[in-house]
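The form predicted alone is given below as one chain in structure tokens.
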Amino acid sequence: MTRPQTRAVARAQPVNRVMVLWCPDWPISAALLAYGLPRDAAIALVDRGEVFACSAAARREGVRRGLRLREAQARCTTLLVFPYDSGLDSRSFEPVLAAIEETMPGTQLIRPGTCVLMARGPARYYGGEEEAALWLLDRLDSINVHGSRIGIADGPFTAERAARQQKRQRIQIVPEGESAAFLAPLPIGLLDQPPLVTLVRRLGIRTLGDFVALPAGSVRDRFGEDGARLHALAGGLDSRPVIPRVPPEQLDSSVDFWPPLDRIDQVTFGFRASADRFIEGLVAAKLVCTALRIEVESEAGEISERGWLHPRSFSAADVVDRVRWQLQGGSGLSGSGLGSAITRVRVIPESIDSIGNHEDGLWGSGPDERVHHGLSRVQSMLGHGAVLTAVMGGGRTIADRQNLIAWGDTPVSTKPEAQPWPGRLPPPAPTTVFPIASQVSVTASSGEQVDLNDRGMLSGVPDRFSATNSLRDSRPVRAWAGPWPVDERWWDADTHRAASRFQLVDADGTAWLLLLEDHRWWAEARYD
């Protein structure tokens, strides 16, 4: 009685029928679309000096993946070379996923160019698995995604192998329960586990069927859980569920104007409702926007883009203000700031955060917002680079660490502060930094200027100091420390800099940061 019940339960368990869509050479298809090239162009995408992907026309000339760039160009003299961009693959595949989800719900992205769907629901709706696959291929052909293939089988692994193995037909269906027979003659290298594949090949195993013939218990004991999982995949026992992706929320907002508008007040008034919807959508998702990008498209086809930051988060009025300021800051007709009439305004959130992290404090944050509002307003009138703010960066001297960026821009320093800077000034930092170092005088008791010899030794003990480089204004030196040598870019004769830094306290108790360079003394900063 036990065995019939067990077999009945086994039959009652549903089979995981899935459909895998594969777009061959998707990196090439994305590049052809991005660069506006014909489908028969011979192109290669290069990553770290090697061919990452190449088109069919390039392969006919002998170009293969893994070739060095020079060898690939020698084989195909008309080869067009572009750098490989993984982000381009993902961005280009998003419209394909959207088109699939319009036809069939529940899509799981495996990688750009490959996705998996549950097959039972579409098969029931369209009248069969092959009919559902034909509907999907027709939808992709309508958006100019040609040459894609579909495999249907018991599990994603077998279905993907079916899609990739079929070359003449675009649809390959492995009947239910025949996955093991379909996979048996395929090479063992299809298992994405190079160490295991190398080892079993040494044992004389060349196909997936040979690997499945091994006892499951012995495989688990020898190769562990990973080996047991691959053994099950090779036998067509793929129990991985299809996890549909959650489409990202469309948080951007746009408005089209027809007829086009040529006045700033008309554009901002027409965009006000869209700004309200933009903020309401963020609030509904329990988010706030701290950085956004505004795109303004004119009737002449020109597009003005600019990013805006906010010290806390944008409100609807803030968004409308940024649109107005961006239009006023542009060049164009007198009194309007527009090059031509505006046809479209779009706002895209670039940085969002949880709304709980931006609640008002007990006393509010009005002063910060008023300062930001005022400076952004001035910047819109005078130009993007007219209002600057200082940020700290890396460097050995005080002047090197001061970086000026346009107000509202994200600080991006070419000299990261976190990097080690041997010879940098230790804290505490001086309070007054001179924009231009002034020449000073440091003399010994003999009246001669203190200097350094070739061995880095002082020629005398600092006795008197003059902030005006005049002996009449010199005053006694109360204390001093140094030298701390600064030797930068010693390998480049044109940019090499060798100096020594000193700290000095004069008779009035004022502390100075001095620099001895080219036998002359300079005051960099003062400790007030």
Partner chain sequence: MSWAIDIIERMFEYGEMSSSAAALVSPWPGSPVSANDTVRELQAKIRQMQATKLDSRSIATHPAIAELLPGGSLKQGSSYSVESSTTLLMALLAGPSAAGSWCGVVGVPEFGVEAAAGFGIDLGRLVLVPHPGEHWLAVTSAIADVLTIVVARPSKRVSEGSIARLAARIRQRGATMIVLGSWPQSEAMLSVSGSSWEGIGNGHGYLSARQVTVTVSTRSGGRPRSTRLWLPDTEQQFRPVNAYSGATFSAPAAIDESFHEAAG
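The model shown is predicted, which means the values in this text are computed figures rather than measured ones. The term rigid core refers to the maximal set of C-alpha atoms that superpose within 1.5 Å between the two forms. Numbering follows the first chain given and starts at 1.
Quick note: we don't show the form predicted in complex with the partner chain, though the next part is all about it.
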| property | result |
| --- | --- |
| Stretch in contact, per heavy atom within 4.5 angstroms of the partner chain in the predicted bound form, of 295-303, 213-221, 428-436, 276-284 | 428-436 |
| Option touching the partner chain, based on a heavy atom within 4.5 Å in the predicted bound form, out of 317, 457, 404, 81 | 404 |
| Position in contact with the partner chain when the complex is considered in the predicted bound form, options 498, 34, 471, 479, heavy atoms within 4.5 Å | 479 |
| Heavy atom of residue 444 within 4.5 Å of the partner chain in the predicted bound form | no |
| Any non-hydrogen atom of residue 374 within 4.5 angstroms of the partner chain in the predicted bound form | yes |
| Contact test in the predicted bound form: residue 389 vs the partner chain, heavy atoms, 4.5 Å | yes |
| Close approach of residue 382 to the partner chain in the predicted bound form, 4.5 Å, heavy atom | yes |
| Every residue of 22, 38 and 93 near the partner chain in the predicted bound form, heavy atom within 4.5 Å | no |
| Residue 281 C-alpha shift between this form and the one not shown of 2 Å or more, rigid core reference | no |
| Residue shift check between this form and the one not shown, rigid core fit, residue 433 Cα at least 2 Å | yes |
| Rigid core superposition, residue 33 Cα moves 2 angstroms or more between this form and the one not shown | no |
